[in-house]
Each structure stands twice: as structure tokens, then as C-alpha cells.
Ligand code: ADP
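Single chain ahead, written as C-alpha cells, the form predicted on its own.
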């Protein structure tokens, strides 16, 4: 997958300008976080990159397939966990048997072994998010878009999910763009943090995160991590 380039992205809803003249790059294999106040247009940028809404400007280099995980409600409640997880594969014409085989190879890794025949309503918050992320990865796309992937999870389990995602992501050849309100989450899970203000969404600051991968709990306690989180937070709250 080549580098994705977003240039002069502008999104309007009638007379309301949601995003104005936003430009950034997503180098292959790197992870981008979009942070900023609620309602500033972060999710709108993500939907534009996904091709879900009209925009002006250009988004070049996106692959044919993109995995997109919206904020909530991504699992179909009338399908079992297995049926939800195989859906991206069967929609592409892969047989149910082959799709289940692909999913089964990841169930233990994602902490879902034994829950294949359960329905999403019985899953804990963390398990639900892991299932939602696995379904997104089952698109088998080189670009994954995550909109507040852990926003509905309590603070302690959210940090567990950061560590879990970081470890699992190392085995997938993907780039990600993630929307989050959590500054520490942005620093821990990304290589580049783009701070936005708005609406309309405009880039306020870009912070490079030079922490090595894979990252673990010890990185969170380093002065470098604290400095980067403080730099991002100052950019978010400054007027």
C-alpha cells in the first residue's frame, strides 16, 4: 500500500462547514491519531477518508478495501459472535466454512474462544470491543479506521485494551487512523498525533511520537511519554 495523502479536505453540510482545508499524510504501516474537542469534525474526517460522505479536496492512495469501525453498535445483535465475525468475509464471496476457519485462527488471540455461539448482548464491554475490532480486521484491509474504539470502556479496561491492541497490531501489516478524545491513548497507540480545533475542523498541531514499537506499560511511565502527552494536551486546550 502506498502512502495515503489527504489534501485540502473540506466538508460542508448545506451552509455548515464541518471540515476546512485539512491536509495530512498516512505513511504505510504507521498509525495516526486525530484528537480534539467534541464536535470539532474528527469523525467527519474519518468518514471522508472512508468514502462515506461527499467532500471537496483529494484523498489519494486509499486501498480498494478499508476496515471501518464506527463508535458503537457495530455488531449485529441478531447474529452470533461467529456470524458477525465471518460477515466481512462472506460478503466478499468467501464460503462460510472457509470464513469460519479464518476467524477461528484468531479467536483465542482475541479472547473470544468459547463465545462463538453467543450473541453480542452477553459480551462484556471489553469483549465486545475486541470482537468489533476483530470483525474490522476480517475485512483484510491494509487501512483500518477506528472511531473512538475504546470510548465506551472504563478507564482501567481501556488501558488493558491499549496494551492488547498494540501487541496484536504488530502482527498485521496495516496502517490506522484513529479518532480519540484520550490524549494518553493517542500517544500510546499512534506514531503521529494530529490535534484539531473547530468546527470547522482545522489542523492545530502535529506531534510526532518517536516511541519504539511494540509499546508496553513501562512506556507509559517514562518522562518521554509524559512530555508527549503534555504537549498534545496543551495543544488541545490552548485557545
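Residue numbers count along the first chain shown, from 1. In this text, all values refer to a predicted model and were calculated from it rather than measured experimentally.
We do not show the form predicted together with the named molecule, though everything after this point is about it.
Review point. In the predicted bound form, does residue 190 have a heavy atom within 4.5 Å of the named molecule?
Key: Result no; residue 190 lies far from the named molecule in the predicted bound form.
Point to revise | Distance check, residue 37 to the named molecule in the predicted bound form, heavy atom within 4.5 Å | key: The answer is yes: residue 37 has a heavy atom within 4.5 Å of the named molecule.
Review point. Is residue 175 one of the residues lying within 4.5 Å of the named molecule in the predicted bound form, judged by heavy atom distances?
Key: No, residue 175 is distant from the partner.
Check your understanding: Taking the shortest heavy atom distance, is residue 62 within 4.5 Å of the named molecule in the predicted bound form?
Key -> So residue 62 does not count as contacting the named molecule.
Exercise for review: Just one of 42 to 50, 23 to 31, 167 to 175, 203 to 211 has residues with a heavy atom within 4.5 Å of the named molecule in the predicted bound form, so point it out.
Suggested key: Selected stretch: 42 to 50.
Point to revise | Answer option from 9, 220, 228, 18, heavy atom within 4.5 Å of the named molecule in the predicted bound form | key: Spelling it out, the residue with a heavy atom inside the cut-off is 18.
Review point. If you look in the predicted bound form, which residues in 189 to 206 sit within 4.5 Å of the named molecule (heavy atoms)?
Key: Result: 199 alone.
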